[in-house]
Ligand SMILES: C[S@@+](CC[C@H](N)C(=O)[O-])C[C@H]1O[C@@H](n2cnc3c(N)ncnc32)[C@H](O)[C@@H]1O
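Just one chain is shown here, as structure tokens, and it is the form predicted alone.
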């Protein structure tokens, strides 16, 4: 049996994990400092539990009780509220009906995550959580071994990232660099050829980089501006996805999906 908890007031401090989920700045400070993240929907909650993330509590509407009953340990507090009250707590209409506050696990160091990997994605300062989640989903779909984040890249465990990735952020190993300036040099020292993805006309077609089974780290830059000059200059190769001249570039998440397919095709 789940531990149902009656809530007398929406100001109950036990609901603090779920307050104002649309406020990115508030959630960033609350979740990282508190060592938690929010999983939304039965499928995502299930995948988080299967990946070993401990459940702190659950907030849901009554109709979702049966769908999550088998997922949760019996001592996890389960707050059940009507849909309108869930919306008042979270700040939005929760269409998937169930939210879980999960405890974060310690991130491994970069050197541990990349050990034994053949294909990496390296994300430099990608700030949109939707793009980060979509990139993780593509990485999982095409068999990318791991993802490395620059220090200022958006949090993969932010609610929107988790939701868009459909839980792929729980299955693709990832780590965050502590040193942006020399980050690519450290990957090169670990045996990776670094490939900067760019729409520049003088870059080589990405397929030329994919041939062979050598270790490759594909480097993706932030939305709009792309890769920094520092990392473009540091990369071993600058590569592009050939597209119609009628379009100047792809969204970074779309480009990542195409690139993941190209870079792993030779290995399958």
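Bear in mind that the values here come from a model prediction, so they are computed numbers and not experimental data. Positions refer to the first chain, counted from 1.
Absent from the display: the form predicted together with the ligand. The rest refers to it.
J.: Looking at 208, 202, 225, 62, which is the one with a non-hydrogen atom within 4.5 Å of the ligand in the predicted bound form?
T.: Only one option qualifies, and that one is 225.
J.: Could you spot which one of 241, 30, 51, 237 gets a heavy atom to within 4.5 Å of the ligand in the predicted bound form?
T.: Contact residue from the list: 241.
J.: Thinking of 45, 72 and 100 as one candidate spot, does the ligand come within 4.5 Å of a heavy atom in every one of them in the predicted bound form?
T.: Heavy-atom distance to the ligand in the predicted bound form: none of the three under 4.5 Å.
J.: Could you tell me which stretch in 51-59, 37-45, 226-234, 22-30 has residues with non-hydrogen atoms within 4.5 Å of the ligand in the predicted bound form?
T.: Flagged stretch: 226-234.
J.: Would you classify residue 123 as touching the ligand in the predicted bound form, given a 4.5 Å non-hydrogen atom cut-off?
T.: Residue 123: no contact with the ligand in the predicted bound form.
J.: Looking at the partner-bound form in the predicted bound form, is residue 217 within 4.5 Å of the ligand by any heavy atom?
T.: It does not: once the ligand is placed as it appears in the predicted bound form, residue 217 has no heavy atom within 4.5 Å of it.
J.: Evaluate residue 197 for contact with the ligand in the predicted bound form, applying a 4.5 angstroms cut-off between non-hydrogen atoms, and reply yes or no.
T.: It does: once the ligand is placed as it appears in the predicted bound form, residue 197 has a heavy atom within 4.5 Å of it.
J.: If we define contact as a non-hydrogen atom of the residue within 4.5 angstroms of the partner, is residue 252 a contact of the ligand in the predicted bound form?
T.: Yes - in the predicted bound form, heavy atoms of residue 252 and the ligand come within 4.5 Å of each other.
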